[in-house]
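So this first bit is one chain, no partners, the form predicted on its own, shown in structure tokens.
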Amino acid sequence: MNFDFSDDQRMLRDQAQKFLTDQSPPRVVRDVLEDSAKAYDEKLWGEMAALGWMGTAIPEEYGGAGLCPEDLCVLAEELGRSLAPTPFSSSVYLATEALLLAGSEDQKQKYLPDLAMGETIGCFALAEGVGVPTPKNISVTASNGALSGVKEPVADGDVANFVVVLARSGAADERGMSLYLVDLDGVDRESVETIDPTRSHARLTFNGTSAELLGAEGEGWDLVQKIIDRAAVYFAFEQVGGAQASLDMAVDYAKNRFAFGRPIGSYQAIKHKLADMYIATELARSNAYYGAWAITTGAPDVSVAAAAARVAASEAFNHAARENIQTHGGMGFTWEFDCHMYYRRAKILSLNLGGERRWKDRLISQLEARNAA
């Protein structure tokens, strides 16, 4: 079974890489990192919208390109490689996927065309502070079409136009969970500081805020599991792209940095570091490819594939970003070198949708369920 990309998808990858090399070099990422007034690069977002990237997997009848999830994975890897400072993941991997999966025809007609054009930004609110969200600890409530409570941290919640919210609409179990669409105009939003300012986060406070049901009432928890399985694969490709960029940076430095008259890459200790980074990245890539195939074909073990991709990619990017700093030695810890930007992104991506422990537990539970079937 071949999980590799097609010739057309490889061409898309090459073109995306060329575009992002030109439009999202390290100085663009650093501009957002160093400017507290900037949540993302609006110029880059506009250029991406002009290319139709936000509508990659949106059907043509809603203004999208009508491509498949694998095509979106191609773009995700290149966005991760360039550390593109945009709300792409929140708007495309999560909000758009939620609408495609559970939206009514009217909701799709209302939101998807603007999402495809990049004129509207969506986000996804699941977490409520520290800890893994479960049906028992979700405290945001829905009553008579209005939400009350606090969601934090919400990725890109400070720049989005609307949010998809998981809230309690009934009993304190899975049957009491529902998804809602909320216009963020008038909602109390407070920016939350994170290790990576190029991926903004916010605290959203709902106080009797008007909300529109997304999907059937009581099906919110099941819908969330399907949404995050798909998003996990897209995030995994971003992490693979970041891990590969970290590895490339370390290899390039090891070839050109001389110590005692020899390039440091000729020393065994550095060779082993680079080899370990390569192995972790390739393992993550193979798992991510399998995840892409699974969500594209609707394979029955999509949850297993998504969790495996997420675990491997998180470990690979964290490892590569850390060892890239070590390979650069003392200079790797300085603000002037770009190593810390990859380290920041590795950390924040590994926490989106829950940390590594959550996804390891999810992988184990999915494997146990599959073996018991």
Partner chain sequence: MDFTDTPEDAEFRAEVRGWLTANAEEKKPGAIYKAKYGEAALIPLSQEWQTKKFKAGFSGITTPLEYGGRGGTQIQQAIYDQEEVNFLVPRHIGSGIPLVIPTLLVYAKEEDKKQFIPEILRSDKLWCQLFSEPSAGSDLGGIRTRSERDGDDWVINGQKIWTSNAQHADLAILVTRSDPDAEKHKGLTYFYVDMKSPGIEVRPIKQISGMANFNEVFLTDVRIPDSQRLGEEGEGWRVAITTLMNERVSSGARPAPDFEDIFGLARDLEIEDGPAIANAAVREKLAHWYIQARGVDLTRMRTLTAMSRGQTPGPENSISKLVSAFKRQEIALFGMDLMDMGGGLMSRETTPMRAVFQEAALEAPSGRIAAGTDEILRNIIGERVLGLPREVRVDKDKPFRDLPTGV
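Positions refer to the first chain, counted from 1. Please read these numbers as outputs of a predicted model, since none were measured by experiment.
The next section is about a form of this same protein that is not shown, the form predicted in complex with its partner chain.
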{"item": "Answer option from A127, L184, L213, L100, heavy atom within 4.5 Å of its partner chain in the predicted bound form", "value": "A127"}
{"item": "Listed residue that, although its partner chain is not shown, lies within 4.5 Å of it in the predicted bound form (heavy atoms), from I325, A39, A65, V28", "value": "I325"}
{"item": "Stretch in contact in the predicted bound form with its partner chain, which is absent here, among 169 to 177, 83 to 91, 152 to 160, 108 to 116 (heavy atoms within 4.5 Å)", "value": "152 to 160"}
{"item": "Non-hydrogen atom within 4.5 angstroms of its partner chain in the predicted bound form for each of F19, G52 and G55", "value": "no"}
{"item": "Exercise: D14 in contact with its partner chain in the predicted bound form, heavy atom 4.5 Å", "value": "no"}
{"item": "Contact label in the predicted bound form: K273 to its partner chain, heavy atom within 4.5 Å", "value": "yes"}
{"item": "S24, heavy atom within 4.5 angstroms of its partner chain in the predicted bound form", "value": "no"}
{"item": "Heavy atom of G131 within 4.5 Å of its partner chain in the predicted bound form", "value": "yes"}
{"item": "Residues of 244 to 265 having any heavy atom within 4.5 Å of its partner chain in the predicted bound form, listed in sequence order", "value": "Y253, N256, R257, F258, A259, F260, G261, R262"}
